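The data below hold one chain only, encoded as structure tokens and taken in the form predicted alone.
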């Protein structure tokens, strides 16, 4: 008997599950998963501008930095200003979904591909964002490879204000409605990577980027 079979056997015994009642138990589990019942949620203003402001505040509390621009065409220049202010190279890798932006006009050299270990700056979009916690929801696809948000030391994300939702449950509902089946990878990002394993001292960049900069597009 493998360890897996041993563990599952103990679970079945604890639930008093057997061949005779397995079908009934499966129906109960399927009904519970299908209902997608939601627990209590904090109450706050869900107007679009209020969601943007809450997302900004929560993101900054997670050690992200935030810039807000009026239109998507302003994104490359905003990123160029950030890189200059941080004394970072004006070269980056970006998700192919951002190919329509004029990077060269902002003085940036941007390659549209998945990230490699030598890439220092990664630029992504996001599927949506969660105002409750200041979190990005990233859904992988050929046009939005996950590595761009995970490998570089600096992650810059473009966030549309219209895609800032109130709660995590709203993000999952939107993914089901727009994507149908979920992609291979769904990542939630709340600020830079961090750990507190050693003496409960927070260290940024432990398992991924140690800078996260958000450019929110209002249009």
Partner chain sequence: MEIKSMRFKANAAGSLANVVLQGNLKNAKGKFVTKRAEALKDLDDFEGTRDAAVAIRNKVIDNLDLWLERFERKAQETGATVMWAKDGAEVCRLVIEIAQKHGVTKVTKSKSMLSEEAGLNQALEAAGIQPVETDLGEYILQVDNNEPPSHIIAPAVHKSLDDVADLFHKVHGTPRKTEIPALTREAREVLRGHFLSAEMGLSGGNFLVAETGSVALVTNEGNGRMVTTMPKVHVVITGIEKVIPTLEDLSTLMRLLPRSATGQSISNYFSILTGVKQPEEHDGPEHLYFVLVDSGRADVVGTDFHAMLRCIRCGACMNHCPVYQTIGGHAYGWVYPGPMGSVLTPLYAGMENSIDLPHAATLCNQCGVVCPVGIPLPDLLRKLREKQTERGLRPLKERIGLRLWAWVAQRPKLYALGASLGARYLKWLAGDADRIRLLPAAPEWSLGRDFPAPQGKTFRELYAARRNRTGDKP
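Keep in mind that this is a model prediction, so the values were computed, not measured. Residue numbers count along the first chain shown, from 1. The term rigid core refers to the maximal set of C-alpha atoms that superpose within 1.5 Å between the two forms.
A second form of this protein, the form predicted together with its partner chain, is not displayed here; the remarks below concern that form.
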### Task
Have a look at 147, 78, 73, 88 for me and say which one sits with a heavy atom within 4.5 Å of its partner chain in the predicted complex.
147
### Query
its partner chain isn't shown here, but in the predicted complex, which of 45 to 53, 157 to 165, 65 to 73, 23 to 31 has heavy atoms within 4.5 Å of it?
23 to 31
### Task
Look up in the predicted complex whether residue 6 has a non-hydrogen atom within 4.5 angstroms of its partner chain, and give yes or no.
yes
### Query
Should residue 142 be classed as touching its partner chain in the predicted complex when contacts are defined as heavy atoms within 4.5 Å?
yes
### Task
Consider residue 60 of the chain shown here, and say whether it contacts its partner chain in the predicted complex, taking contact as heavy atoms within 4.5 Å.
no
### Message
Whether residue 132 contacts its partner chain in the predicted complex should be assessed with a 4.5 Å heavy atom distance threshold; does it?
### Response
yes
#### Entry: Stretch 180 to 198 - residues with a heavy atom within 4.5 Å of its partner chain in the predicted complex
182, 183, 184, 185, 186, 187, 188, 189, 190, 191, 192, 193, 194, 195, 197, 198
### Message
Quick check: residue 196 between the shown form and the other one - does its CA shift reach 2 Å or more after fitting the rigid core?
### Response
no
